[in-house]
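The form predicted on its own is given below as one chain in structure tokens.
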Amino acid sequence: MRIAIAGYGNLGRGVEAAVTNAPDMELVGIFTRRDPASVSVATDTPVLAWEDLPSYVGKVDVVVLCGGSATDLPVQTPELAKLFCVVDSFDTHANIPAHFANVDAASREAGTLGVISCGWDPGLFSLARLYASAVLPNGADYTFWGRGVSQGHSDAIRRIPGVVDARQYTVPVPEAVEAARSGSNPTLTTREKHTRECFVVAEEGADLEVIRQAIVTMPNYFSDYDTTVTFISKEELDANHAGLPHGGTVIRSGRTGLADEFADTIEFSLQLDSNPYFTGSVLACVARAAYRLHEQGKVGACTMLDIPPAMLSPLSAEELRAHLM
């Protein structure tokens, strides 16, 4: 199957690696809004201008979009779905229904397939929540993220006047995790579940207390959390915080039995050395499923909740039954 990448940042590099390593995929091109001559890629894949994408209709089976959820994907995914089968990693949870509707309309009109919101949350964690809640309907879900770098929150700090660079780590509160595992179905507030650690490089002469207050009072990002701010040098940031690790845990605790006499817990966890490379691997296997589903005649939008699990694997049905059952 012929794959194209639209957008080449950290996530694009992750998809590039995953598709290159897949036995049943060919990476046709990497499309960028930058000057293609200025973009250096890790493979010998052609780097092409974004405007050239329409000329590849019929030459590409699935386009994997690697832009941001804030402003890129809400526009790019529906537009490209008018031409290609597409896969994206749109992760603004509250806006997924609206994004789904826009991609669905474009895909149905064009006869293509658009798989949205693929990754690990939303994505794999969505599947974990689905399986767990179906098995334990009498229960409660708890999702914890980290310890890991939040790229969106880090970017929000960098936009504060006087900030040169920053990394923000989302950290689960251990007591909250253990309470979720206990089976007591506790009610946990946002502040009780996670803390935020910020490492900030400030401009020389900047008012550090003003920057600190701008961070800890920032609505929708830090004001609802216990947040610590540590000012460090650029050299220390580059040496100790250059990576993009992440991870998390989905916990479902519930009761079974005629009188709910049995306590049960389901847990799904990830620990990632590189968030974008792992997410790129998820997008690549979803691209495989998108190609197969479209070959069977499916059009419109869908999510990972709608994909039969076997569609994600390069193995045949016979191999899956022999090795995974």
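Counting begins at 1, following the sequence as shown. This is a predicted model, so every value here is computed, not measured.
Not pictured, yet referred to below: the form predicted in complex with a further copy of the same chain.
Student: Residues in which of 120-128, 74-82, 226-234, 195-203 have heavy atoms within 4.5 Å of a further copy of the same chain in the predicted bound form?
Tutor: That would be 120-128.
Student: Can you tell me whether residue 26 touches a further copy of the same chain? I mean in the predicted bound form, with a 4.5 angstroms heavy atom cut-off.
Tutor: Close contact is absent here: in the predicted bound form, residue 26 is far from a further copy of the same chain, nothing within 4.5 Å, heavy atoms only.
Student: Since only the chain is shown here, I'm wondering whether residue 282 would be in contact with a further copy of the same chain in the predicted bound form (any heavy atom pair within 4.5 Å).
Tutor: Residue-level check for residue 282: yes, a contact with a further copy of the same chain.
Student: Would you please decide whether residue 191 lies within 4.5 angstroms of a further copy of the same chain in the predicted bound form, comparing each non-hydrogen atom pair?
Tutor: No.
Student: Since only the chain is shown here, I'm wondering whether residue 48 would be in contact with a further copy of the same chain in the predicted bound form (any heavy atom pair within 4.5 Å).
Tutor: Because no heavy atom of residue 48 falls inside 4.5 Å of a further copy of the same chain in the predicted bound form, the answer is no.
Student: Counting non-hydrogen atoms within 4.5 angstroms of a further copy of the same chain in the predicted bound form, say which of 53, 266, 60, 299 makes the cut.
Tutor: Contact check passes for 266.
Student: Going by heavy atom distances of 4.5 angstroms or less, which of 214, 176, 96, 163 would be at the interface with a further copy of the same chain in the predicted bound form?
Tutor: Result of the distance check: 96.
Student: Would you mind checking 25-42 for residues with a heavy atom within 4.5 Å of a further copy of the same chain in the predicted bound form?
Tutor: Residue within 4.5 Å: 42, and no other.
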